[in-house]
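You are given structure tokens for the same protein chain in two forms, set apart as structure 1 and structure 2.
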Structure 1
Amino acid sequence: MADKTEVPKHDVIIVGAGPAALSAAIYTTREDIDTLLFERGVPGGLAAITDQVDNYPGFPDGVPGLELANNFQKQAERFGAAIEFGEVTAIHDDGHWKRLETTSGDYLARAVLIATGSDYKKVGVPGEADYYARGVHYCATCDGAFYRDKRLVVIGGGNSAVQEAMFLTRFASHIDLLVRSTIKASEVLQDELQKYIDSGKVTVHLETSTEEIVGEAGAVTKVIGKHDGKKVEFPTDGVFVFVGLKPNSEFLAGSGIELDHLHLVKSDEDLCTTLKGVFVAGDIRSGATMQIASAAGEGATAALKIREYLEGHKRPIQN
């Protein structure tokens, strides 16, 4: 008679179900490696809530993010991947097995892939969520090219905000940079920014808080800010927010898995974390590019490294 308290066992448990996770699952399940994915929200990660993905290779005219995310999921499920909806709250090293505490009880896995991604921090103002990915953006590399010869507002005062504001001048005709207090970016970046200020491409508004993002007929038209207690309006075609990253790595506290100063997961060249048998891929990895292509590529690579780990030895490339 089976023990009613028996803990479910899997060869591989993948924490997350975004592009890196689903790409890895395509690889493992296609080779009949028993794989379970844990997802606490909606599969597809940030890709699923992106309006249009222009730079994922293979779609010449771009592809809606939700469609791409659905394609990833369908492909993994076609090979037998199963998604459990719940949250992994801790990982423990029980030697040969890793034990995962989850909201659906404990699970055991021979190998684990951390692919929980990172979220962009929000300003938290009215209108921000309404125009998410349709006028309000968090990644200049992804969405900057949609704003050729348009006006933009950039929100933030750290290294990213300054760097990306300068980068976005490649596309935008003018940029208003809204800084809540003072600029915190490095001196090198501030010196460089001065050139863009001098040329009139960027206007910096210090001690200016963002109060609301306003649109009309589905498109962003202006940002309402506050400076010196007074309301200020910035007409714009789009908003880029750079106020920080929120890596989904809280559940790793106490696991012995090392994080970097941004709380991203450190890995070696085999995408293995500092805990043997636990791998990492995608936007939660230290050094991540926050690009779907990179995440999918790392997912595939991680799956092959996990296969080697399960087989007990490296697989020669060809000799």
Structure 2
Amino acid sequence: MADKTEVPKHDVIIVGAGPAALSAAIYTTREDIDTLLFERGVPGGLAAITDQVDNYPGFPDGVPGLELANNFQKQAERFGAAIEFGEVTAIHDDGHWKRLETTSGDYLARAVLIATGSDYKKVGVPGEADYYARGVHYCATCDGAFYRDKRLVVIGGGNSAVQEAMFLTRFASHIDLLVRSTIKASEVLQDELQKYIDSGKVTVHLETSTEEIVGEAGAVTKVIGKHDGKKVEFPTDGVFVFVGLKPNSEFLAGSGIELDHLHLVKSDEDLCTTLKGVFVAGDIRSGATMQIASAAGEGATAALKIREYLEGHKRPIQN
């Protein structure tokens, strides 16, 4: 580890640059709190790779996800937020400072905000990546309305898959639900799903694996699956994958920051983690609603709590 006098120091380091992180940075930098964000991918998080966002307040006609993400970034940078492209690999408690190990070396911060979000778990079949956001989706509330009166395939058998399949019946003419083994959703959800099955809106295909997503002319046309060792095909206009979320929390191993059973970060009512001076906001937080609007709100709340924390732990930064 480098001598602390040589390590870059900041008031706040935000891990991630999605809606929660950028919203927090808007608030901290407006109050002249020195703020650095670390982002390993694309600023804007999952919002940036969402084709169209129709449920973010203030955009009555919807807004392309990338445009919304860019606006978040521009606003944060206008107030002085700096984004460092790299990955935080560990966080350590060094007393007054929190030390972050990164791919760019060590950094010190008086306070840290974890806003790394989650990634959608992928099925990992041919065609899935090729047609991402062009027929393959991971968010029904974000993209379901594009498939009004269309056929859809939903992949998954847990609570989220069943809930989202029922939600998608508001738009789709018919949904084929492909379940690799058996439905593992709660009995309450299964009872509700049965109503959609009885009405003919949803057909459930148990013990059916997904083998390939096929398209032509840049659009999805069918899903190839396998049942009882035989190939089966499902004509479709779009595919929604709900096989779970993978929280971006691996770097917290050994940090003393407590995670829940899903590997999401636990926090108190002030969005503070079990490590003093380290806060959390957005989709990575245990109990989060996984919506862009709520992530932005949590980012603003976290920034205000961080300001209170810094005011109570005043110490000038020495460079």
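If you superpose the two forms and keep the largest set of C-alpha atoms that fall within 1.5 Å, you have the rigid core. Here the structure is a predicted model, which is why all the values come from computation and not from measurement. Here, a residue number simply tells you its place in the sequence of structure 1, counted from 1.
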property	result
Pair member which, unlike the other, is the form predicted alone	2
Threshold 2 Å Cα movement between the two structures for Pro247, core superposed	no
Core superposition between the two structures, C-alpha change of Glu164 at least 2 Å	yes
Whole-degree angle by which the smaller rigid part turns once the larger is superposed between the two structures	10
Cα displacement of Gln190 between the two structures, once the rigid core is superposed (Å)	3.3
